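Consider the single chain below, provided in structure tokens and representing the form predicted on its own.
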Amino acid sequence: MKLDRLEAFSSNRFLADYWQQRPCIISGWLEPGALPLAELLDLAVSHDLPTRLVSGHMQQQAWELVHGPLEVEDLPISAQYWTVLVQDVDKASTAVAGLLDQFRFLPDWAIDDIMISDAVDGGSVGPHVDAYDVFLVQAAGQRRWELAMDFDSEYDQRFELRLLKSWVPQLAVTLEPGEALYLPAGVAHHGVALGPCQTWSVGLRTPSGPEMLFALAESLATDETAERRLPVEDIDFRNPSRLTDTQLAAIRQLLQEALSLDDIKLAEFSGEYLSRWRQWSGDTEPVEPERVLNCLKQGHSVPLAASARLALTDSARGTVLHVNGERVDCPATLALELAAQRKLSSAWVDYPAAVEQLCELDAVAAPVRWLETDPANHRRKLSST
């Protein structure tokens, strides 16, 4: 197993040589500023972020999992062998969310969240394997990572954590602050903190086939044009309840008809579903459309929320924009612009209904974010809008 180190990050080279193919280390690309643990826990409590405390280590083969909310007083007094994990931190912190701007060479609908792992010396969550791609970015301290491409996939049933029962690493590497380890889905890994450290995990998730089939079935169930029912014919008079070969063939045909979407219908379903899948469900303060429109009329841009998920599809009329599970009617030029820049430009003033819809979908950033992303906005007072 070989692990390359990229000293200068190139998205084109990364996509061609590493993405969903093999792990690599990337240096000099990302430099997140570590959050103090107390601040991280405050964010988790105030925004109801999923939080876990994992205690244990490989030598003792004893692991304990505690679910949050957690406060500093709830943490172990020991200076070894525990880790705090907080998911969706990008939804609660604009500073953390800013890191995602470096990942926009990947589809918006695949970018899931940033999870922060804060650990004391020896802290770990045990050897495991993820079904999604992940970038493990070292924000502070050092963490040693053991990796394996070939491994025994049996889980240890003794613990709530999905840990691999037998762990034999194939290589090991230590990450320093500012370094990132990319792991494609299916690469087993085990990280151990070498002293206090903090790691930011940028997850890229996509749904499985069964998950998409379930969502498609829900969508088709409301389609009034797909109401043909299974016929009851070729009955076995000796045993009427027996499913005959003819009936099984009719079932297969009915299912095939239900799944035979043309490209336009498939694109519409996929755009809505992928931009909605695993959407963050936390409480947010709605942004008033009038405030957004007033800002745009003054020539300023308004950024999208970090949690906004976008997908673009093609239709007979051109490019279609999907945001957080809904189609947003706007010109193709604006759809492409928004997907590329994740900002509403002044051109959106002419489409107030679309702006209102984006606000209702919680796809627009809070006003404080407007100032951070557009220096021109510093020349005005938000209160004036």
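Here the structure is a predicted model, which means the values were calculated and not measured. The first residue of the shown sequence is 1; numbering continues from there.
Keep in mind that the form predicted in complex with a small molecule is missing from the display, and what follows is about it.
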Checklist entry - Are any of the heavy atoms in Ser201 no more than 4.5 Å from a heavy atom of the small molecule in the predicted bound form? => result yes
Checklist entry - Would Val120 sit within 4.5 Å of the small molecule in the predicted bound form, counting heavy atoms only? => result no
Checklist entry - Wondering, does Lys91 line up within 4.5 Å of the small molecule in the predicted bound form on heavy atoms? => result no
Item to check | Touches the small molecule in the predicted bound form: Arg291 (any heavy atom, 4.5 Å) | outcome: no
Checklist entry - Among Leu261, Leu106, Leu312, Val125, which has at least one heavy atom within 4.5 Å of the small molecule in the predicted bound form? => result Val125
Checklist entry - Which of these residues, Leu161, Met115, Ala110, Ala148, gets a heavy atom within 4.5 Å of the small molecule in the predicted bound form? => result Met115
Checklist entry - Can we say Glu268, Leu274 and Arg327 each have a non-hydrogen atom within 4.5 Å of the small molecule in the predicted bound form? => result no
Checklist entry - 149-157, 241-249, 168-176, 125-133: which one contacts the small molecule in the predicted bound form at 4.5 Å, heavy atom to heavy atom? => result 125-133
